[in-house]
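One chain comes next, on its own, written out as structure tokens in the form predicted on its own.
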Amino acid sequence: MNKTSMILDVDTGVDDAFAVLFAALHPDINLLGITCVDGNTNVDQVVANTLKVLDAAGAGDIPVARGAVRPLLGVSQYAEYVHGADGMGDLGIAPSTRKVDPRSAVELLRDLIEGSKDPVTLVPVAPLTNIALFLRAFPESAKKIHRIVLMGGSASAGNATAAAEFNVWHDPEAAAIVFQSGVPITMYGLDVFMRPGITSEEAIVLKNSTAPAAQFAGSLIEAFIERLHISPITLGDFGAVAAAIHPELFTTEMFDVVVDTSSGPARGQTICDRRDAFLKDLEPLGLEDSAKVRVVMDLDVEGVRQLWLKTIEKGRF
């Protein structure tokens, strides 16, 4: 299997950490770089957390760049009540000595995409502010993106509100720009987000592993379970990375999708037109800003779980 050249965009967060660990460890992923954005916590903490996760993975010199400090409009609304004050379960993890790339997130995206000899898959698992800014700043470079596989949105209910998923709700205007970009998009959203999970018993096994990445992951899972009083705990954002390299584990459907950027109760909703063809012909969605999006609607839960567990338990390949 040829390696997938990939760039992650993160707001690290516990479940972002699961995604970063996997992407840094899996032999079929060529992780070109990581861009960081304001989301689960402030962007400086996101950068610090991301560097710590790369340390735990034993990763090489992967460039990490600082991105947007707030949404395009409005104010930041963090999820520290879920992820802890430091965004990483308040485990007191030692700071990394890795250096942050001096380029901005949008500059790093441009340089990595322009410099890659292979098609680049962009995997944002965070609010889409950085990606929207990149699309606007460097439209010619943006045309070279092979595809975007993102964690965000929902074809059903929300979590930040009754209608909206957190990443899209945090910056709906940015999400609208990305969805309307013309780049092929796969949306891994709340319809499947919670289903692949890890239990407290599996966390103990990970903590007792000889692999540093597994020990780190086990500690994070335990902290997450203790904070939320839920077991199993979702692997969350990792699912988007998995969908990028193992699409056979996922069931998708193409929908016309609109991001609600109004100020009403549906702000941030990803409106997916799931009607049958007969009704669509009778009453088209009728919105110029709709986009064709491939939406993940089902998945092989055990296959996805084992993909993550085996990769993390094995450590560096």
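From 1 onward, residues are counted along the sequence shown. Remember, predicted model here, so these are calculated numbers, not experimental data.
Form predicted in complex with a small molecule: not shown, discussed below.
Pick from 163 to 171, 200 to 208, 214 to 222, 113 to 121: which stretch has a heavy atom within 4.5 Å of the small molecule in the predicted bound form?
Going through the listed ranges, the match is 163 to 171.
Quick one: from Ala242, Val178, Leu109, Val125, grab the residue that has a heavy atom within 4.5 Å of the small molecule in the predicted bound form.
Of the candidates Ala242, Val178, Leu109, Val125, Val125 is the one lying within 4.5 Å of the small molecule in the predicted bound form.
May I ask you to state whether Ala132 is within 4.5 Å of the small molecule in the predicted bound form, using heavy atom distances?
Outside the cut-off, so no.
Determine whether any heavy atom of Ile148 comes within 4.5 Å of a heavy atom of the small molecule in the predicted bound form, and answer yes or no.
So Ile148 does not count as contacting the small molecule.
Answer with yes or no whether Ile233 is in contact with the small molecule in the predicted bound form, where contact means some heavy atom within 4.5 Å.
No - in the predicted bound form, heavy atoms of Ile233 and the small molecule never come within 4.5 Å of each other.
Against the small molecule in the predicted bound form, would Asn159 count as a contact residue? Criterion: heavy atoms within 4.5 Å.
Looking in the predicted bound form, residue contacts with the small molecule include Asn159, since a heavy atom lies within 4.5 Å.
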